[in-house]
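Read the single chain below, which is given as structure tokens and is the form predicted on its own.
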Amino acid sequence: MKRGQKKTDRAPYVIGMDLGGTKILAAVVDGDGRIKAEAKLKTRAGEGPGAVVQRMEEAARQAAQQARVKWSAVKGVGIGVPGPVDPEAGIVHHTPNLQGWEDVPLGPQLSKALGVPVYLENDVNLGTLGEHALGAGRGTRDMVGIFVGTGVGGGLILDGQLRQGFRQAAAEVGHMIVMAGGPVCGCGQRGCLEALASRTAMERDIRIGLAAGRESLIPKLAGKGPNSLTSGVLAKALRRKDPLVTEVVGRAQWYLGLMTGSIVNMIDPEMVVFGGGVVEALGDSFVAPIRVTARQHFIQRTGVESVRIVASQLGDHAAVLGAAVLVRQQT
């Protein structure tokens, strides 16, 4: 550094945000992809889009304040949205987790409120982008992300770039049919992967087993509320070798393995990264059986183990870090 030259940040700060049905997570990210500080607020989706946008503004400013970063140093905001978006126009078309959100111009509204550029993308796409740039997928050119939680979502990296598809609807792996005439999915189709392997599907099958009189620790481990059977409860039951939970989770892993094998046969990626709430709770113990089943179904038998099937490294921060990567790519 020359005498008299001021020390500056390696790169401007950006803010990554994850908009969920229950919470808003905002994180200040530096030029090295490190989170400096974060803020969480309840979404309160029932108050309508306008109120949620105001809370997103509040979360972004709180995160900057906690990071002791002047707002003038924030160069942009990226947002992961749980549903289809128009990235160019900054419009949220609709999202099941946010009732009343139909063609909401979230990008322009929040950009006006914050005074910086705002970029939108599907949250699972951003989770995949985050893992590719800063997590398990660093250094790969072709990578698939599969996120198992309330639903099952996917993202696709080809030649080092996030691929959204012709209609911004690529990699919807959760809605690929793996059982013709199977259980009804939330999308209205039958036999989707999401209807067979999501946490929601596992909970349905566990409750069917309990109603049929199957023995299980679940009544003791989980409360009686409608949302009591969390990923953490599943993890506790599996550690104690609960027979019903072991059977149901094993069936979900088998379907995920079948789908992963098919995806590899179609795309031949270097890596498949599994994330989402279920994987965060169970780690590689959840991914390992998927890996075995997938590799049994690879059509190309040469170099089977060279296709890595791994658990996420970024956990709950995958989407916000992917949102920060998106802002840097755009600016």
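Just count from 1 along the sequence shown to find any residue number. The structure displayed is predicted, hence computed values, not measured ones.
This protein has a second form, the form predicted in complex with another copy of the chain, left out of what is shown; the following refers to that one.
Asker: So which of 122-130, 235-243, 107-115, 139-147 is the stretch with heavy atoms within 4.5 Å of another copy of the chain in the model of the complex?
Answerer: Of the options given, it is 139-147.
Asker: So, in the model of the complex, is Ala222 in contact with another copy of the chain at a 4.5 angstroms heavy atom limit?
Answerer: So Ala222 does not count as contacting another copy of the chain.
Asker: Answer yes if any heavy atom of Ile218 is within 4.5 Å of a heavy atom of another copy of the chain in the model of the complex; otherwise answer no.
Answerer: Output for Ile218 is no: heavy atoms all beyond 4.5 Å of another copy of the chain.
Asker: At 4.5 Å between heavy atoms, is Pro269 in contact with another copy of the chain in the model of the complex?
Answerer: Judged by the heavy-atom cut-off of 4.5 Å, Pro269 is in contact with another copy of the chain in the model of the complex.
Asker: Answer yes if any heavy atom of Arg199 is within 4.5 Å of a heavy atom of another copy of the chain in the model of the complex; otherwise answer no.
Answerer: Answer no; every heavy atom of Arg199 is more than 4.5 Å from another copy of the chain in the model of the complex.
Asker: Tell me, which of Leu210, Met179, Ala73, Ala89 has a heavy atom within 4.5 angstroms of another copy of the chain in the model of the complex?
Answerer: Comparing distances to another copy of the chain in the model of the complex, the residue within 4.5 Å is Met179.
Asker: Quick one: from Ser285, Gln65, Asn265, Gln54, grab the residue that has a heavy atom within 4.5 Å of another copy of the chain in the model of the complex.
Answerer: By the 4.5 Å heavy-atom cutoff, the listed residue in contact is Asn265.
Asker: For the stretch 71-106, return the residues whose heavy atoms include at least one within 4.5 Å of another copy of the chain in the model of the complex, in the order they occur.
Answerer: Only Pro84 sits within 4.5 Å of the partner.
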